[in-house]
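The form predicted on its own is given below as one chain in structure tokens.
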Amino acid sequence: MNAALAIIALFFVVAVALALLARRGHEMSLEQWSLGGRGFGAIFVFLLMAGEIYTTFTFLGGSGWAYGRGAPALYILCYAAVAYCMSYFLLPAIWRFARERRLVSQADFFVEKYESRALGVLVAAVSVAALVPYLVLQLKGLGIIVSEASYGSVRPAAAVWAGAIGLIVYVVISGVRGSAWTAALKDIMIFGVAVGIGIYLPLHYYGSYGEMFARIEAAKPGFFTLPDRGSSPAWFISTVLLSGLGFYMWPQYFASVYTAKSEDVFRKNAMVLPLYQLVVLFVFFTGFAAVLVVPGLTGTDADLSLLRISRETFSAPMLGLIGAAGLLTALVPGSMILISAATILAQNVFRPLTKGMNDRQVSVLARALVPAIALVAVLLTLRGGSAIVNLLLMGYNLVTQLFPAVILSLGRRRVATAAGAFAGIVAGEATVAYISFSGTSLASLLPGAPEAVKDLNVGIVALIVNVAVFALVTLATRGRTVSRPAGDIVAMPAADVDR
């Protein structure tokens, strides 16, 4: 075993051990397992949310897009800023509602807000469909990191299986507390490694940041400019908007919100997290530095740029530390994804179908589902697939369709109906599915449209369809129908609709 692999293995063992120790003194009820007993303060909530933000997507996908695409990668730096500003107002409102009703999943929020179990099942399906590619993203990144950092001595498939087994063990035993403890180690590592190599590599190979940018621009003119077509300004703006609006629509973010002990936690985090976003800038610097040092990485291989330049530059122990940091960026979000997906399936799919299930039985079922979900993700990961950033964008296209229904539910008076929310989500998801999987594009659908329209992100187009259908169905059903908890639409007097 080489030194790099030994260090990666050591950190893997430490991370799993920390997660298992987190369970001590806590009875793993459903609320404890999935939400930490709703007792997390600002630091633990920060760690969980930062753990979800700084994943293998940031570590490998961010550097890979900086290496392969240049200026379009900067959307990653922008969209989180939009989300953080919104979180100051959005998350306290979600937390208050969830706290009052002891909600445990994202789908529970829709069930209670719209009094519709049918809507809850739909949201559960959308959530799990979006979480699977996000989990695949983490496992794919984990396989790349361990294989590259071990100089190829461990195959990606073996790393994926080992990581998945470790995740299953500590998620089943410790739940979200294990994720929080591991996130503390991850944040220390990612901050030191990402910032450290982002400072060192440009200075080492180019002498200064200015010289690095000048030499890359000379070798690749226009590399730091958005192209006129494809990843154009229209694509950039629509993608930032899509990702910013969908940022907190991920099910695991709802779970992180539910863990907080007070709403002030979110206002404190909204002030701090934008500064933490600067870490991404150093990840970009590493990808830019690799452009001329390790040329020739194309397609999905661009995700290897950070690790390839690190192998060219550093000794095995340092490469092991870089690999360990990358490993942790997969484990922490991977664990939260597994917890959220399992909780949603148990609470919002199986529980409504099985009368009389109590919280203890739901908790047991959720933990039993963890290995099954992980196995599906592993099999999809081993089949290969898209670049890391593309996997995340696919998930965002799905979860952002939940945004209109969330926003329109937060007022004191109900302004939308369950039927409208249901129809809008279905229309948005159907649009995403049709454009994404039929091989169709906006350019082929609208050949005479301006280039700016053709380059719009598919998710934004689907969101427009979603809102239009949502509005029309709400207007048609408002004042004469309302959803009951069972999901049935029944006639009601107009005066009772907004109670």
Partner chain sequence: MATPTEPRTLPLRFRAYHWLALVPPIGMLGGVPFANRVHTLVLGLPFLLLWIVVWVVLAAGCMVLLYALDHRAAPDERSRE
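Residue numbers count along the first chain shown, from 1. Keep in mind that this is a model prediction, so the values were computed, not measured.
What comes next is about the form predicted in complex with its partner chain, which does not appear here.
In the predicted complex, segment of 413-421, 125-133, 168-176, 74-82 with a heavy atom within 4.5 Å of its partner chain
After filtering at 4.5 Å, what remains is 74-82.
Would G299 sit within 4.5 Å of its partner chain in the predicted complex, counting heavy atoms only?
Contact with its partner chain, no.
Under a 4.5 Å heavy atom criterion, is F285 part of the interface with its partner chain in the predicted complex?
Heavy-atom contact with its partner chain at 4.5 Å: present for F285.
Should V240 be counted as a contact of its partner chain in the predicted complex, where contact means heavy atoms within 4.5 Å?
Yes, V240 sits close enough to its partner chain in the predicted complex that at least one of its heavy atoms falls within 4.5 Å.
So in the predicted complex, does L203 come within 4.5 Å of its partner chain, heavy atom to heavy atom?
Heavy-atom contact with its partner chain at 4.5 Å: absent for L203.
Of the residues F97, F236, W161, F191, which one places a heavy atom within 4.5 Å of its partner chain in the predicted complex?
Checked against the cut-off, the match is F236.
Please pick, from G210, G152, P317, P295, the one residue with any non-hydrogen atom lying within 4.5 angstroms of its partner chain in the predicted complex.
So the residue touching its partner chain in the predicted complex, by this definition, is G210.
Going by its partner chain in the predicted complex, which residues of 251-276 come within 4.5 Å of it through any heavy atom?
Read in sequence order, the residues that approach its partner chain (within 4.5 Å, in the predicted complex) are K261, S262, E263, D264, R267, K268, A270, M271, P274, L275.
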